[in-house]
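Take a look at this single chain in structure tokens; it is the form predicted on its own.
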Amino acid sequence: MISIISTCSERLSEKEFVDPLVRIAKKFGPVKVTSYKDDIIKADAYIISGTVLADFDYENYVENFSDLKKENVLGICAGYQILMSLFGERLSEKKYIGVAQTDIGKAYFLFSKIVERPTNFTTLVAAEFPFGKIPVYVKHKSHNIFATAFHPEVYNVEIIEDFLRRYAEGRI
């Protein structure tokens, strides 16, 4: 089973940030959506969604995610921030809204915090911003934990599909 964890405090936001993930994930197996406020249900793979720029309530629940530190996880935007916090990475107050060029083409960004130099993660994709070149898609050095500072459900669906394909094939 695939667990999609919504970081949206408002249900209406899930239309934009969670529903596209559900549509993509259903091609790879059964999907269960839960809230960041709920207990994490046992699953084979997890996707932690993004949310609107001014929604930070999930930050009060980061410890709820500590059991995911050794699971198969893809964190998107807010999910990225949660995973970076869990692994002790330093989030910088930087804001970017819109499309930016990355090593794999254009990507859609909507963030107010980012890790400029991760220590526990390997850079898979970087992007150039007015404040410098920053890793925006990373993998934990020893776990199957991936995180994107952008929204791959907008322009880079193949990132989500690749993560779920490896789960479906038993490769993660």
Partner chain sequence: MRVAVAFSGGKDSTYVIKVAKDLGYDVACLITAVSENRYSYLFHTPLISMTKVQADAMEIPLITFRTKGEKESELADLKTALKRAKDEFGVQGLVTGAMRSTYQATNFEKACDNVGLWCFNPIWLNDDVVEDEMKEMDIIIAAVAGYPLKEDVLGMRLKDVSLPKEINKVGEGGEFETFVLDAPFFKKRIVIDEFDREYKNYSGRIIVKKFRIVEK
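Since the model is a prediction, treat every value here as computed from it, not as a measurement. Numbering follows the first chain given and starts at 1.
Keep in mind the form predicted in complex with the partner chain is missing from the figure; the text below concerns it.
Within this chain, residue 22 is remote from the site of the partner chain in the model of the complex, having no heavy atom within 4.5 Å. Although the partner is absent here, residue 158 sits far enough away that none of its heavy atoms falls within 4.5 Å of the partner chain in the model of the complex. Contact between residue 95 and the partner chain in the model of the complex is found at the 4.5 Å heavy atom cutoff. Put simply, residue 129 is far from the partner chain in the model of the complex: not one heavy atom of it is within 4.5 Å. Residue heavy atoms within 4.5 Å of the partner chain in the model of the complex occur in exactly one stretch of 121 to 129, 48 to 56, 26 to 34, 135 to 143, and that stretch is 48 to 56. Within 4.5 angstroms of the partner chain in the model of the complex, the stretch 4 to 20 places a non-hydrogen atom from each of 9, 10, 11, 12, 13, 15, 16, 20, taken in sequence order.
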